[in-house]
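Below sits a lone chain in structure tokens, taken as the form predicted on its own.
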Amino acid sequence: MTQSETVENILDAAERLFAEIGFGDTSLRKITSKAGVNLAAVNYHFGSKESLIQAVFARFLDPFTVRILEVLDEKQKSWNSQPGSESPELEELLRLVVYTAAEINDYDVRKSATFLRLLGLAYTQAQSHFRNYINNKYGVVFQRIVAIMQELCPTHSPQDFYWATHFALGATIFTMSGIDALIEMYEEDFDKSIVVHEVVERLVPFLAAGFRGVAK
């Protein structure tokens, strides 16, 4: 096994175990057993469990942040070229973020669902190092998205944005991490078929309404 293959195997195993049983219950030995490597390999490539958790997220967030900046650069040129319309609708911005995230995973719903489940767990299982890592490494990118949102919701206070962002994350994580089950229940209850794209198109206006409605 090459070094790059070893790293990918470790990341794949860690991602699956973190998503299945959580960060606290996933030991490095469980990861090495699933990956078919020894503990020395994990220590050599990652150094610690915290660093391994961060590397699992970086595998998605590195290409996502690069791509979303490209998309925003491209879109802002067209927004600025339209007389009297220098900013997008909130729905358009949210749709860009959601579909760019899906693009990074080659529109594989299961990969996106796994990542979002991990994101939810990182916030609910007191992974404080994760928040610091996100702020330090990707803060500038997310601040740009928030800045555009602030232009679209100029009356919102910082507290409004705090709650709106976390409510939106919660709704998105719940919806997309359980998308297969939600679709199955929908089709059983209503005897109608539905695809992921249609679910996203229902989710986006819900998120936008939440952003607008959270202001006090």
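Throughout, we count residues from 1 along the sequence that is shown. Owing to the predicted nature of the structure, the values given are computational and were not obtained by experimental measurement.
Heads up, the form predicted in complex with another copy of the chain isn't pictured, but that's what we're talking about next.
- Contact annotation: of the candidates 43, 51, 33, 175, the single residue with a non-hydrogen atom within 4.5 angstroms of another copy of the chain in the model of the complex is 175.
- Although the partner is absent from this view, residue 13 stays clear of another copy of the chain in the model of the complex, with no non-hydrogen atom inside 4.5 angstroms.
- In the model of the complex, none of the heavy atoms of residue 151 sits within 4.5 Å of a heavy atom of another copy of the chain.
- Remark: residue 117 counts among the residues lining another copy of the chain in the model of the complex, judged by a heavy atom distance of 4.5 Å or less.
- Contact annotation: residue 38 falls outside 4.5 Å of another copy of the chain in the model of the complex, judged by heavy atom distances.
- Residues 69, 93 and 109 are none of them found to lie within 4.5 Å of another copy of the chain in the model of the complex, as judged by heavy atom distances.
- Contacts of stretch 162-196 with another copy of the chain in the model of the complex, defined by any heavy atom lying within 4.5 Å, are made by 162, 163, 164, 166, 167, 168, 169, 170, 171, 173, 174, 175, 177, 181, 182, 183, 185, 186, 189, 190, 192, 194, listed in sequence order.
- Compared with the form shown, the residue 107-residue 181 C-alpha separation increases in the model of the complex, the change being 3 Å or greater.
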